[in-house]
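One chain comes next, on its own, written out as structure tokens in the form predicted alone.
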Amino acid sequence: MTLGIADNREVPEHLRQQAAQLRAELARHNHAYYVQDAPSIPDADYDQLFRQLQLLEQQYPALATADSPTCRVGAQPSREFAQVRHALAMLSLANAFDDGDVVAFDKRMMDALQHEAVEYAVEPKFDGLAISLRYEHGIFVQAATRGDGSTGEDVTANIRTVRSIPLRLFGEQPPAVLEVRGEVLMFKADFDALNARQRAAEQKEFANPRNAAAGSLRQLDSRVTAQRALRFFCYGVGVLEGAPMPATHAALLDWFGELGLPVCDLRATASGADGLLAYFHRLGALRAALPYEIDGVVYKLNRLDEQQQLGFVSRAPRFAVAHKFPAQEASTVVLDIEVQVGRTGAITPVARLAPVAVGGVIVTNATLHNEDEVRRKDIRIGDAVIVRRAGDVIPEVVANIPERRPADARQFVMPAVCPVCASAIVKPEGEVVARCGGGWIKCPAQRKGGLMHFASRRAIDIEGLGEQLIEQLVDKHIVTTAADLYKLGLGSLVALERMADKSAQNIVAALEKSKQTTLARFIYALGIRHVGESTAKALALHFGNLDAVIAAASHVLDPDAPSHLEQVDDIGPVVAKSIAQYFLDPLNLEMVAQLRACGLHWPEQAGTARPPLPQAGKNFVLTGTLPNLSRDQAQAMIEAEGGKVTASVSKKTSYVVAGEDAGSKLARAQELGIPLLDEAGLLALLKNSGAA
């Protein structure tokens, strides 16, 4: 859009009022975000308000005021901390929201520098808190937040508790003065652990990792900060004295790494708009799997002399831009709250939403988890709410927006009966999830969910038996239990919608093929509450055969009998009780017997319990690509010796098996001092324990 420029006399009064309202609203949201560490609206909504004000001020320069948010960075520093004047202003970055913005940025750089192609330094845009660290002769002396860009808050005592930040730089001749710019953030796993502690202590949970990092760093008591797992990544320099400045941004970050300062291993260089966009899409694909939150990528001219040549505008450098990912949070309105029935009978409240784009997709439904969560978050029908969709997870309602609640907003009421089968909804003592009491036999929703789980790839793996086919089989009363699947004939299948002879033959063949399975897959496929893949494997390894599992389950509810189930790794009283309740139900035992009679079989071992395996109790993490073993092969070998493969590295990890292109998990293992294995080392370990 091209905007005409008007002088002061041409500004309509309604636009003056609109600009004033936007400035006031942005200032209020700025204060909530930067000072109170409690964001009041999603970033995408803030960006939209900010761009509205920018466009108004571009069209009517007389509307721009000295205190306009478009001319400022962050917010005024809090008086609770001593103030620090930055030697070089800590500015924000201009934003690019689509490919066209990136192409335009690259063209501006080429035109300004009169180059046919420009090289850029590219790196993730961390979702944390900007910090400046000052080192004198290699010794850390001060840390300050960005504040309003020119003045920040002295958080030196708190930064000293961040273990990834060196208090003394490496090297024999450090610079006389080095002011490092970077981002303090909290990793996703540490954020989840912190919120778990907050819940246990009945304290307010943090909205997101950025909010948690900011709140932790701005504690007046540094002992509180020390209990929070904060991290740091460098991304720039403020002041450098007593050492030559590297020629490029990439070389600067490499030098920081040599000094012992944390730098991100995802940084790179790129040429031209095509190179920038290729990097953007690569990080977008990695985003969900990263251990920390990023909300975009940053492009900077790589040559520092070219950065200096282009300089700055009022609030941002000309030589850099932040390319934002599609918003993972957005605001919308709750049109209604209904309930869904899961395969275990769990009753989940679901918000029906006015359509909104979140994370690149249109969202119309979002989970509210359970009745207690609806009450805790105070979500009502008619509320304006913040919706989050991080990675590929199901969208969820994060919070309401109190100032936008209508007068006629209605509270959610949990129904007394199941909306699918009309069975009573019950809430077992000590649990937060309400459940339909109908079970598979009475409740079609549970039946469909249970059959989908039974046929899934990691369970019995019946190829071609998908959701639409299962819905027809249940709705037409052809299938009631999993055993009924193996009684299907070509005639009953061909009679279904969109099922030709060839498709029906394929289903029959897939059912026959699925009869040969493993004990672990079979136990997992039964859909026993609290029994996932790992627990099913542990049961199969410990007992060796299904009859031994059933026999052990029969003793759990006998107070005078020892609980053999609780001798299995990772099984406690709750899981043991759930397994017992399943196998004590005559209907479940009948279905298991029918499945075996239909021909489902697996290798079994005699005896009621196996001796402890060599790697029992050991936790392994796999990262990178192994030269000869697939991830599934390596996991199977580890589990065959009693080991457990987990997704993330922690202090409980016994070994990290690292292949080519191992990333952040390898770095985390090195940080914690966890033993590392390559493929040869893993094979040797398992061979010595009798596996290979």
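The structure displayed is predicted, hence computed values, not measured ones. Numbers follow the displayed sequence, beginning with 1.
From this point on, the text means the form predicted together with a small molecule, which you will not see here.
Asks: Picking from 448-456, 594-602, 116-124, 435-443, which part of the chain touches the small molecule in the predicted complex when contact means heavy atoms within 4.5 Å?
Replies: One stretch meets the cut-off, namely 116-124.
Asks: Please tell me which of 504, 531, 277, 93 lies within 4.5 Å of the small molecule in the predicted complex, judged by heavy atoms.
Replies: Only one option qualifies, and that one is 93.
Asks: Just to confirm, with a 4.5 Å cut-off on non-hydrogen atoms, which of 298, 350, 283, 356 contacts the small molecule in the predicted complex?
Replies: By the 4.5 Å heavy-atom cutoff, the listed residue in contact is 298.
Asks: Residue 544 versus the small molecule, in the predicted complex: is there a non-hydrogen atom within 4.5 Å?
Replies: No, residue 544 stays farther than 4.5 Å from the small molecule in the predicted complex.
Asks: Indicate whether residue 317 is a 4.5 Å heavy atom neighbour of the small molecule in the predicted complex.
Replies: Residue 317: yes, in contact with the small molecule in the predicted complex.
Asks: Though only this chain appears here, would residue 235 touch the small molecule in the predicted complex if you measure heavy atom gaps against 4.5 Å?
Replies: Although the small molecule is absent here, residue 235 would touch it in the predicted complex, with heavy atoms inside 4.5 Å.
Asks: Even though the small molecule is not shown here, does residue 183 get within 4.5 Å of it in the predicted complex, heavy atoms only?
Replies: Judged by the heavy-atom cut-off of 4.5 Å, residue 183 is in contact with the small molecule in the predicted complex.
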